[in-house]
Structure formats: structure tokens, C-alpha cells
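What follows is a single chain, given as C-alpha cells, in the form predicted on its own.
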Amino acid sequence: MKIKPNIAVSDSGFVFNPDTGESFTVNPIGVEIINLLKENKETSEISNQVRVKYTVDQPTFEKDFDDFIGLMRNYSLIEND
């Protein structure tokens, strides 16, 4: 899964989709995940990095990650696979 290349993300969590003109705000973990996706990291790499840094268990990460990705798909921030 990949973030659309034209999606702009600031360090403060401001996300802008120029295709739709919509903007969103994400928390610091959301910014990290978006940046890792922009680097074409695999889900397993993202999981390992976030779980170690924030001391979260696998089931919690998976649920929260799936919810986050679902929202990003809903707002057309992710390219169709």
C-alpha cells in the first residue's frame, strides 16, 4: 500500500490532498506512519518500529493501524492496489 505521491504532510500533522482540496490533521504517530508508507515500508516494518517506540502490543497495533488505513482509504489518500 502506498500513499499517493502528491499528498503533502507537515511535521505538525497537517495533511493536504490537492486532488480534492481537503485537509486533515493527524497525531504524531499518524505522521510517522504516513512518512513510513511514503518510504514504501512494509506493514511489518511499520509495526515493528511503532510497537518498539511506543510499547504497544501487536493486537492493539493491528487494530489501530487497520482503522487508520481505513480512514486514509476513505479520504482517498492511498493509491488503489
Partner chain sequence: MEKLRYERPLIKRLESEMPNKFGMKAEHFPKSHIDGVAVKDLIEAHGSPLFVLSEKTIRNTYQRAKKAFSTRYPKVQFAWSYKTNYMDAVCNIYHQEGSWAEVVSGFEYDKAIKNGVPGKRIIFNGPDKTIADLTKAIQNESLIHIDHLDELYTIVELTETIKKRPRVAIRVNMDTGVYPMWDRFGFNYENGQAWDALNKIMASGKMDLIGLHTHIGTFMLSAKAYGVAARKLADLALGLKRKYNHEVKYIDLGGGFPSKNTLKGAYLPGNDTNPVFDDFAEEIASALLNAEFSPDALPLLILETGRALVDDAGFLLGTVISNKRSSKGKRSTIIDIGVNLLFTSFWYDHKITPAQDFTHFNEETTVFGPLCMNIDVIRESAVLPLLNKGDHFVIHTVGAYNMTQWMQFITLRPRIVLIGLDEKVHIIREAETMDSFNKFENMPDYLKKFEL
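Residue numbers count along the first chain shown, from 1. No experiment lies behind these values; they were computed from the predicted model shown.
Another form exists, predicted in complex with its partner chain; not displayed. Remarks below refer to it.
The three residues 10, 37 and 47 each lack any heavy atom within 4.5 Å of its partner chain in the predicted bound form. Taking the partner from elsewhere, residue 78 is found to have every heavy atom lying beyond 4.5 Å of its partner chain in the predicted bound form. With a 4.5 Å cutoff on heavy atoms, residue 19 does not count as touching its partner chain in the predicted bound form; it lies far away. When its partner chain is considered in the predicted bound form, residue 51 lines it closely, a heavy atom lying within 4.5 Å. Heavy atoms closer than or equal to 4.5 Å to its partner chain in the predicted bound form belong, across 27-44, to the residues 27, 28, 29, 30, 33, ordered by sequence position.
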